[in-house]
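There is one chain below, alone, in structure tokens, taken in the form predicted on its own.
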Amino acid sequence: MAGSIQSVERAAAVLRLLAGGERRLGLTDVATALGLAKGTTHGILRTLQQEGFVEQDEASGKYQLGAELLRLGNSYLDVHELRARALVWTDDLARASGESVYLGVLHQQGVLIVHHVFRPDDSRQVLEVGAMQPLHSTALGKVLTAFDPVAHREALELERERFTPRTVTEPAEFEGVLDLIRARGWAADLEETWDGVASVAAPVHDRRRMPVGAVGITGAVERVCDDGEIRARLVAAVRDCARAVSRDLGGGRF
């Protein structure tokens, strides 16, 4: 394969080997199965072990898959379960609000859009699944920052870019915004990221009562706002959607 990295290919081969067949394999077993020198195989296994992807049984010296792979797999499944649980409710929210609906999760110091429902009209729209949004200015990002300690730390560590004159960037003012979000249970973006655009979002919780994502709507200020504030019916609709998805994930009521 053009551009492939041999060491990564070999590490992937080791993981696939350990994932199938015997539960635990010794160094010789792995080296023989993959046609690699023992020294090379030992170096790969040692590196994977240091990263938590492989564990070595102290008694037998044999290797098996590590807990870090389980954690990564659970993260993958969590996002897909979140999206699957949200499909019906986000469709309902789009119809009720008349606006575009976004479902986002924390990813690489930002918000990754994992589901997007178009505004229910005939306007030309672009699917934004896979797009990234900033933590400090968008409704999705701010609600995650308010309720997720990891997102909060990342938002404070990052340089908060001023996208519009309304963007809050100063630490003390930003913390005040987050306190308000926690108190009322939802976040707003009133032209803080894009001129003429407003949004509102609420957190989604899982069975552990941990925030696993956020759902929100975005639209033109004149449709979403009334006298400079998010319309109350839209706030209620977004919060109802977030509660419904949380309930389906086992998160109960919030």
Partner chain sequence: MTDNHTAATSSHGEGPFIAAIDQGTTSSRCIVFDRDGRIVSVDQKEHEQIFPKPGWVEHDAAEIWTNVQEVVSGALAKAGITKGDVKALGITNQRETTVLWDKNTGEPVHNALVWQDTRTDALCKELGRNVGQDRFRRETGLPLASYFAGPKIRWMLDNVEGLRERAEAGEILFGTMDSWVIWNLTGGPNGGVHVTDVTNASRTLLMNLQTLDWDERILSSMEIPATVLPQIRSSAEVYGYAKGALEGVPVASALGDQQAALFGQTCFSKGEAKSTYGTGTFLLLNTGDTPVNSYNGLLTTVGYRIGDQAPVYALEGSIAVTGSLVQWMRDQMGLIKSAAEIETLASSVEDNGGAYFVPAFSGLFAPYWRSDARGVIAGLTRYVTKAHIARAVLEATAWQTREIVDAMNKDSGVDLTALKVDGGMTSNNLLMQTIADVLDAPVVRPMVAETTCLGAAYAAGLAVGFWRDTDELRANWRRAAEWTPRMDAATRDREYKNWLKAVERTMGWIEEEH
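Positions refer to the first chain, counted from 1. Since the structure is predicted, the reported quantities are computational estimates derived from the model, not experimental observations.
The same protein has a further form, the form predicted in complex with the partner chain, not shown here; the description that follows concerns it.
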Output flag, Ala84, His115 and Pro120 jointly within 4.5 Å of the partner chain in the predicted bound form, heavy atom basis: yes
The partner chain in the predicted bound form: contacting segment from 139-147, 104-112, 168-176, 126-134, heavy atom within 4.5 Å: 126-134
Residue (of Arg182, Arg153, Arg95, Arg162) lying close to the partner chain in the predicted bound form, criterion heavy atoms within 4.5 Å: Arg95
Applying a 4.5 Å heavy atom distance criterion, does Arg10 contact the partner chain in the predicted bound form? no
In the predicted bound form, does Arg239 have a heavy atom within 4.5 Å of the partner chain? yes
Hey, in the predicted bound form, does Val235 get a heavy atom within 4.5 angstroms of the partner chain? yes
Enumerate the residues of 180-214 that have a non-hydrogen atom within 4.5 Å of the partner chain in the predicted bound form, in sequence order, or give none. none
